[in-house]
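Only one chain is given next, in structure tokens, and it is the form predicted on its own.
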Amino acid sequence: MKDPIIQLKGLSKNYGSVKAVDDLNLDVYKGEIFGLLGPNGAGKTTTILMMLGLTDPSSGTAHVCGHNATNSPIAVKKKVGYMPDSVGFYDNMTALENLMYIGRLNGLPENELEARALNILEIVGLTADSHKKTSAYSRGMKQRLGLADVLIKNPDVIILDEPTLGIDPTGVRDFLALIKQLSRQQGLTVLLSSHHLHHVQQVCDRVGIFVNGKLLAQGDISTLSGKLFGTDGHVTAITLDQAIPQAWPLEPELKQWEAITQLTINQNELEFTCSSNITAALVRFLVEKGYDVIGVHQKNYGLDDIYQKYFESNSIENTSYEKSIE
């Protein structure tokens, strides 16, 4: 595997006796969208600040784009675009003027500046509003302009801290689709910090569950689901066109199947809990036995299931995380 573009080793940050980040080890690779998932106060923003060289770690190292963020923060900032949860602009200036100003601060040549800014505004969908003052912008439009601010210097990595906060559902969907498109088309590496499970699931290749300063688990959703649910990882409900009798002759036979760990019968519905996905085989078996199948539903474990199951498995009490599930 290629060397990671973000590499955190033993990263810790203490504020007195409080460990905001505790021995964090994490690799993120080029072109990947990684979601840092956890409740408010988990240590996500502190981690980001250390990655940008904006605060020094108590121990450990953060390497971003080949640079040590503590020793070479300017070199990191040249390669990384950062959008905080609340983006500010000069309200008396238009979106184009704001973006050109940011371009100048980042050293873009004056003769290329306006064309570059207009191109970025087109990418984020703000061309029609480029000459509108940002005081008239909605929260969603400001987030898009914030993303334009990040992209103006052509970064290798973008870090987004709670980017969907306060945006309506349609705006969230469009914003996340834009992030995914940019990552795929331009090879951008994206680190997205959020406490919104559903939003993270929509766009991220891998996720890390981050609570009380610790990275409790990381991987893609399928991997995390397999680790946490084990033999309970696949649930299939099959509905038949007739009620199933109490002494159903097929029940003992089905319970002999190696992959089936549990079978529940409720009137005309069969619910199978299995160690592997055998839905097609189950449907085929029932049809061959003369039953008409009128409905099949497979339960797919999402981040909300993984999040809850992880906490149950590790006996971790956290009252904040339930509020984050939409």
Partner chain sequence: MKSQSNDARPFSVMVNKEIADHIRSWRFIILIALIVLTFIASMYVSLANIKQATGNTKDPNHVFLYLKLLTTTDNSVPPFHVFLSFLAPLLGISLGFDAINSEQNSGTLTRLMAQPIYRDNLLLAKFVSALVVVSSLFLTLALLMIGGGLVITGVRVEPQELLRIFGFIVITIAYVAFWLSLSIMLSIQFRQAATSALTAIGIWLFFTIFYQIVINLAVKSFLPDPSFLTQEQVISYNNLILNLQRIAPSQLYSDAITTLLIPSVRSLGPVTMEQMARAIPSVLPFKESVLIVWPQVSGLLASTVSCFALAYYLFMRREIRS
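Numbering follows the first chain given and starts at 1. Note that this is a predicted model, so its numbers are computed, not measured.
From this point on, the text means the form predicted together with the partner chain, which you will not see here.
Listed residues Glu122, Glu110, Glu253, Asp168 were compared with the partner chain in the predicted complex; Glu110 is the one with a heavy atom within 4.5 Å.
When the partner chain is considered in the predicted complex, only one residue from Ser58, Thr61, Ser275, Thr55 comes within 4.5 Å through any heavy atom, namely Thr55. Residue heavy atoms within 4.5 Å of the partner chain in the predicted complex occur in exactly one stretch of 262-270, 281-289, 30-38, 44-52, and that stretch is 44-52.
When contacts are judged by a 4.5 Å heavy atom cut-off, Trp248 does not count as touching the partner chain in the predicted complex. In the predicted complex, His131 stays away from the partner chain, with no heavy atom inside 4.5 Å.
Using a 4.5 Å cutoff between non-hydrogen atoms, Met93 counts as a contact of the partner chain in the predicted complex. When the partner chain is considered in the predicted complex, Asp205 lies well away from it, no heavy atom lying within 4.5 Å.
Shown here without the partner chain, the chain has Ile74, Lys77, Lys78, Val80, Tyr82, Pro84, Asp85, Ser86, Val87, Gly88, Phe89, Tyr90, Asn92, Met93, Asn98, Tyr101, Ile102, Arg104, Leu105 in 71-105 lying with a heavy atom within 4.5 Å of that partner in the predicted complex.
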